[in-house]
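Presented below, as structure tokens, is a lone chain in the form predicted on its own.
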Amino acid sequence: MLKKVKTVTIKADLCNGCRACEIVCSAFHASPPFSSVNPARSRIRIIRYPLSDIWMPVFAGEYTPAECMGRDKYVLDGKVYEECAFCRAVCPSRDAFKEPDSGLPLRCDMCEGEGEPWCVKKCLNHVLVVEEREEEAADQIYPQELEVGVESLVNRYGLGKIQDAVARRSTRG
């Protein structure tokens, strides 16, 4: 069975580092929505190297409980960058993409229920573009996988922080 999946494609060469995407994302994810702006809550970050004229949007990805083993370096226009600078994962070795109040990992949710993500709507240079593709869908949902994930979060952050995060999420209606 095929299902339609929306993704955001990044045209990094068009990005000028205005950070409108970060601002609108953090505002949408405030509680209540659009009540405040705190870029630390944003599910998108602009990796900035202004002296080299490099601006790279990066979306929050999956949580990983361990640090990666890759410490590769990349060379762009003669400048060397650490692999971590462009990584989407939320891991113990860095603070990027973590909820500032609770430390819980953030993940891009494509502004669930909004049709199109706010970062795409407000991108001034059309750097972010929504694309739709079809991919194979899983036939079954396995509750034990959810339980393992919840148990892992409770073990790491404590039941109280998890309950607070769920309560904040459920008030967004």
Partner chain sequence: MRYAEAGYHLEIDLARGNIERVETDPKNLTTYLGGLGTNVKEMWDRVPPETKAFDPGNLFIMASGLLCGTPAYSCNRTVVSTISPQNNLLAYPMMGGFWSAELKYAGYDKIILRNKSPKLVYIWVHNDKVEIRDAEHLRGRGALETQELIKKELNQPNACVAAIGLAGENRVFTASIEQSRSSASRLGGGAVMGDKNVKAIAVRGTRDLYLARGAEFMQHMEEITKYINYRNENPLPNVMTILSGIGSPQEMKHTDEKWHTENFAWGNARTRRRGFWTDEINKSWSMTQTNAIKRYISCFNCPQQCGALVAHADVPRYMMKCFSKLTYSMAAYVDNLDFNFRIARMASEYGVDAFSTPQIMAFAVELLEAGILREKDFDGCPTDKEGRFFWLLDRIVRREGIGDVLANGTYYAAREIGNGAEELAHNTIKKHEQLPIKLGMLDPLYFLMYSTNEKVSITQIEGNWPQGAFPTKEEREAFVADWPQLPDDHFKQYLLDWEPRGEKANPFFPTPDMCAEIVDWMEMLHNIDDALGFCAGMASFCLKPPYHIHNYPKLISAATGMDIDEAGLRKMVRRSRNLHRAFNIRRGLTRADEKPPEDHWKRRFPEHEKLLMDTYYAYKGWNISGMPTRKTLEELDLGSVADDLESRGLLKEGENA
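Predicted, not measured: the structure shown is a model, and the values here were computed from it. Positions refer to the first chain, counted from 1.
As for the form predicted together with the partner chain, it is not shown, yet the points below apply to it.
Only one of Glu131, Glu135, Glu147, Asp53 comes within 4.5 Å of the partner chain in the model of the complex through a heavy atom, and that residue is Asp53. Contact annotation: of the candidates Ala165, Leu153, Ala20, Ile10, the single residue with a non-hydrogen atom within 4.5 angstroms of the partner chain in the model of the complex is Ala20. No residue of the trio His29, Ala60 and Arg71 has any heavy atom within 4.5 Å of the partner chain in the model of the complex.
None of the heavy atoms of Leu159 is located within 4.5 Å of the partner chain in the model of the complex.
With a 4.5 Å cutoff on heavy atoms, Arg48 counts as touching the partner chain in the model of the complex. Under a 4.5 angstroms non-hydrogen atom cutoff, the partner chain in the model of the complex lacks Pro65 among its neighbouring residues. In the model of the complex, the partner chain sits beyond 4.5 Å of every heavy atom of Gly103.
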